[in-house]
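One chain follows as structure tokens, the form predicted alone.
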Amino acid sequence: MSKIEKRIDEIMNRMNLDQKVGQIVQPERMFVTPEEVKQYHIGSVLSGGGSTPGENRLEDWVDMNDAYWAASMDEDENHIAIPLVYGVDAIHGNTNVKGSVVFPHNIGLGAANDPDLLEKIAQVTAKEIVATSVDWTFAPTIAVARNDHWGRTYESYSETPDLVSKYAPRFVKGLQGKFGDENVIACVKHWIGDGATLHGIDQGDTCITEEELRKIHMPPYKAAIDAGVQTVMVSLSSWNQEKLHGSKYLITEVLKKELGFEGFVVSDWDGIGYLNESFSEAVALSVNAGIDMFMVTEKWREFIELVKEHIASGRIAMERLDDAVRRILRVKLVSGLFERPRPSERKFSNDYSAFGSESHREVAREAVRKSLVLLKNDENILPLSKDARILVAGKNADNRGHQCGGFTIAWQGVRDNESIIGGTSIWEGIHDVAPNAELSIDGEIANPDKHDVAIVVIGETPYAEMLGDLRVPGLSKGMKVSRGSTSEDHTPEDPFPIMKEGPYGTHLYHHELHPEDIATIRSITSKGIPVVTVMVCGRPLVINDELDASKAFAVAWLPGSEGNGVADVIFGDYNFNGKLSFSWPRYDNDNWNLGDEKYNPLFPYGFGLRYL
């Protein structure tokens, strides 16, 4: 028996039922105090999107974590010192926190096809998390997205398991390393098949055979487990009408036994509540399915009482609870949490010299450069001359919030420049190197006597999860929106309001989703000025009209805070490098994935032009 397993035995031999049950509970920070962490022996706390302490500065995060940690480590005759583990959604940088470096979302990183870069991004992300004294991030997402209507497509690296399987272990390695002072615990999600739901509906039903589930969606998890990932989050979706939070076969038999996963499995946001109308029944089903830690944001006290009732009645076996606690303790020991000092005394806490630093931003800028994909370049209009008279237009030209997308400062992202502290908008990056460029969002000042060319930055606006779905008519009813807040509606009194609006749209036609974009392009071209279009988006969209009206067309995806990376390529300091990791549709009802019979997308997987 290893030293760690002996240590686990020693701790568990001292633990009573209350202490064991407390370890498997993870409330949201708005609904649990440090005093309650001690009273109930809580094992973990998390921040949901937009849930931030104080003024959202490093010191506010460190102070909060210090208080929670101290409560968990205050040992007396009724309490055992077991360090709490704090979790956040730092999925493209530590983007809950003001001033963080915001990396391109996964879809752009997939286009870069650079595993070395991905590991470097994970290392930087870990350093920016450690500066807040947080221990754990719910990343990377390793979904293989198979339908562009899905509102989380941008969280996927590729429609094929090959690229995702190359990336998953490198991101895990970059975050966790050897669990030194600059490392955090990784979490792969969402187990399993969340990218293959019918019609691309978030939290929907993945209606595929087990053979397809294993062939397409399982390989990235196997790669991550082999790389030592410590935690796995379960999907809120279903597999052939069975909610994954209740699937003992997939969680216990496949993930834990077959794949040999020895870390702990965490539920997604209040996900166990969907298993049964009776919360008591839902608790029993999810514990017995093999979930180890329970993200029960508000109803955690009720959860604790129900687990104890089920233990007393025999509905939940004590061995199952012990297995969950053992796994949680193992992760805490393997990751070094027991040996770390209190958050305020850690080596890199409050480290403003690293957080949001120029060296970190340069890594993000490199990622932007490498992720850009050139779809069209008639008459080699690109690269542009920095001395050219350039009109810059489009709603996404000067909006850092738009280019960062969802899961940035707020769950649904932000829509302004002021919320993104540091970095540059795409316009700011152009303006820095092209002295004759001028900005006109609507393009009204376009004048062929004053402008040689226009760069029009179009695309989507921020969204996250189900609110980003493009749902065909009739499938929008019954949306289950269970979390998060936007910058507009976030208040201390109501930190996680139920969002009232529906999905992002009903189809992939960009000219109908955002008619202002094609109107801006046509307004400028009607005056005889050629247009270079740069598209900010979280997925491939039908862009036939925009493409036809443009002399050149580049996809920037959701590039994050370092918009100057776009200018680096547009003006030829660097060549285009990106290749599509998703097939590009001609029509809304296209759903092409590489390997499909009669495969015929507008642009195939792997497409991407370069300068001659």
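All values derive from a computational prediction rather than experimental measurement. Numbering starts at 1 and follows the sequence shown.
Below, we refer to the form predicted in complex with beta-D-glucopyranose, which is not included among the displayed structures.
- Message: To verify the annotation, which of these, Ala367, Val134, Met295, Ala143, has a non-hydrogen atom within 4.5 Å of beta-D-glucopyranose in the predicted complex?
- Response: Result of the distance check: Met295.
- Message: Counting any non-hydrogen atom inside 4.5 Å, which residue from Phe138, Phe303, Phe355, Trp427 sits next to beta-D-glucopyranose in the predicted complex?
- Response: Result of the distance check: Phe138.
- Message: So if I measure heavy atom distances to beta-D-glucopyranose in the predicted complex, which of the stretches 537 to 545, 183 to 191, 246 to 254, 505 to 513 falls within 4.5 Å?
- Response: This holds for exactly one stretch, 183 to 191.
- Query: Closest heavy atom of Arg152 to beta-D-glucopyranose in the predicted complex, within 4.5 Å or not?
  - Reply: Yes - in the predicted complex, heavy atoms of Arg152 and beta-D-glucopyranose come within 4.5 Å of each other.
- Task: With heavy atoms only and a cut-off of 4.5 Å, decide whether Met233 touches beta-D-glucopyranose in the predicted complex.
- Result: Heavy-atom contact with beta-D-glucopyranose at 4.5 Å: present for Met233.
- Message: Asp148 versus beta-D-glucopyranose, in the predicted complex: is there a non-hydrogen atom within 4.5 Å?
- Response: Contact check for Asp148: no, nothing within 4.5 Å of beta-D-glucopyranose in the predicted complex.
- Pro585: touches beta-D-glucopyranose in the predicted complex, heavy atom cutoff 4.5 angstroms: Pro585: no contact with beta-D-glucopyranose in the predicted complex.
- Task: Could you list the residues in 256 to 284 that come within 4.5 Å of beta-D-glucopyranose in the predicted complex, counting only heavy atoms and keeping sequence order?
- Result: Result: Asp268, Trp269.
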